[in-house]
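In the block that follows, a single chain appears as structure tokens, in the form predicted on its own.
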């Protein structure tokens, strides 16, 4: 194979030159031109597309592409000029129908022509940078039909007129509109935008400007918003039916600007129907509509939020500063809870649980609850009322709901330590008088407080419950070791740890001899079983059950305080006693004694004593004797039950003083903690850090922080910098 001689193949040109008929191009073009005319005249069925394709192919092959292309342009242009005249001649509503019909015809013709000239489309056009046949057909339609001087403005006006008619309630041919708009879009986005959309948006803006002005003059806010919402939905629907999808955002912006953004202040402040009225009347549907419409425009939700916050702060301020409402603490707190429930419901149902609105609500409540210095006390009184009697017969779930609501108000308090002081006092009274409805509810609230504020906040409260349980065990042990005490008076002692319970001024009182002996036996027993402890009797915190027989042998069991028992026992040995004699015999402090006598002699239905002269107040010259005519339909009668009362002014000052004293070590501890970790810190930053650390419990006063800093400097915990006196250093 390798030895064989290699052969070279050569292709030679024709020896005779191929001569093309000089009239070939004209003849062939004439055939193609005739075919284009026939296509436009709807006579294409008799044409041989294969032959026509071959003719076009040969023309391009023989370098007559330019002749073919320019011939196509002039033929199509002349046809389109004729079509233009026929469209111009159409009158009234048939104008768009004629335009649509001719457009469809042109598209079909263009499809056939493109098939015939496919070879030119694929070879000649790309290499010579010409416009492809289909695109060329669209451009020629645009220039000769759409941009024709007699059609362009007429088309625009007709389309805008139809949109206007539809807006005013007429039914139009949406299918025809869709076809015409699609034609503009097919001709290119620039044609759709310049020849229709731009003008459509301008006319729409004017339409809605006029309409919104008309509506706002004659409608209330709720009605206006309904109309605005309806118009917005109509425009969105219009886009889906016959406009370009990209027009939606543009036309909705026009409606939003003209119908909502331009009238926002007037709408929210509209007299008798604006935002405040909607809030007052719980108009969830209108509020929801306002929220959904206003959220579409810049600063819309901010406007609603500001008006709502301003209204809420104003009503809240009135609520917490109205002297009438401050008379009943339970009602005061209930109103706060009702207000919170109301706005929670509005934000949930109308404002899509919007976090920014929830924050605004929280800030408003924090603002006005702390305007009233007695809010911590009142919230504690509300809890006291609920846990004494308000939760009787209420299911566990409902109890939890009420306690959660209380905790929510508690979170708003800046002075949480003041609440703790009052809560402790009220809890002590509930536990000692056995008046708590449910131990579970009490413990549940303490757990919630512990979760919110930490162990320190509730350790003493938990200690109070521990004391109550321990006291029960102690009493069982006492009676077990003294079986002889089965007869006679029964003693129940609660031994309270001094640090855990609210401090009470220890006041002396002469107990009746029967009780005094029993108390001494308990003291001996207790100190015998516990070493290193000291007992002091808090007679002002106790109570007693007594059996009493009145005139005509009427018997009752009286539930009284220890002081009242001491007074009543005196009448076993005397018919009549004056105030001075009672005071001398019992040694009860004068204010307590007067209150005690008042509750037994001046309260209708509880007046087991009578006094002379009869008056509401107790005087030092008054004389007292047993009311033989006392009667009650109940066998057991409660007299002067210890209830949580609002504090008197001196008591309030004393509580405030105790709170301030308790704060001092906490401020100092925070100062030392911060300075220990930072070593050196300037005055302003130190104040800021201390406030930040303590705000969970209370808002420290900068003046008090300054005093504590001075105290720490005196005790060599801190020192001032020698150069910069505002700089502090920590001394290890």
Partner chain sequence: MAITGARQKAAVQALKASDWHLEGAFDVFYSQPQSKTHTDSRHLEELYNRYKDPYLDMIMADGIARLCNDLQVDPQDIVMLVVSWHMKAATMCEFSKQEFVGGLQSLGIDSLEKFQERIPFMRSELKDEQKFREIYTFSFGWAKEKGQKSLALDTAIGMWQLLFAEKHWPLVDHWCQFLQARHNKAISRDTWSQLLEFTRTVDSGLANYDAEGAWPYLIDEFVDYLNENGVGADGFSRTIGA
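Not measured: the values here are computed from a predicted model. Residue numbers count along the first chain shown, from 1.
The next section is about a form of this same protein that is not shown, the form predicted together with the partner chain.
Annotation: in the predicted bound form, residues 86, 98 and 150 none come within 4.5 Å of the partner chain through any heavy atom. Here is the short version: of 663, 67, 683, 54, the single residue with a heavy atom within 4.5 Å of the partner chain in the predicted bound form is 683. Within 4.5 Å of some heavy atom of the partner chain in the predicted bound form lies at least one heavy atom of residue 715. The closest non-hydrogen atom of residue 679 lies beyond 4.5 Å of the partner chain in the predicted bound form. In the predicted bound form, the partner chain sits within 4.5 Å of a heavy atom belonging to residue 720.
Although the partner is absent here, residue 725 is a contact residue: one of its heavy atoms lies within 4.5 angstroms of the partner chain in the predicted bound form.
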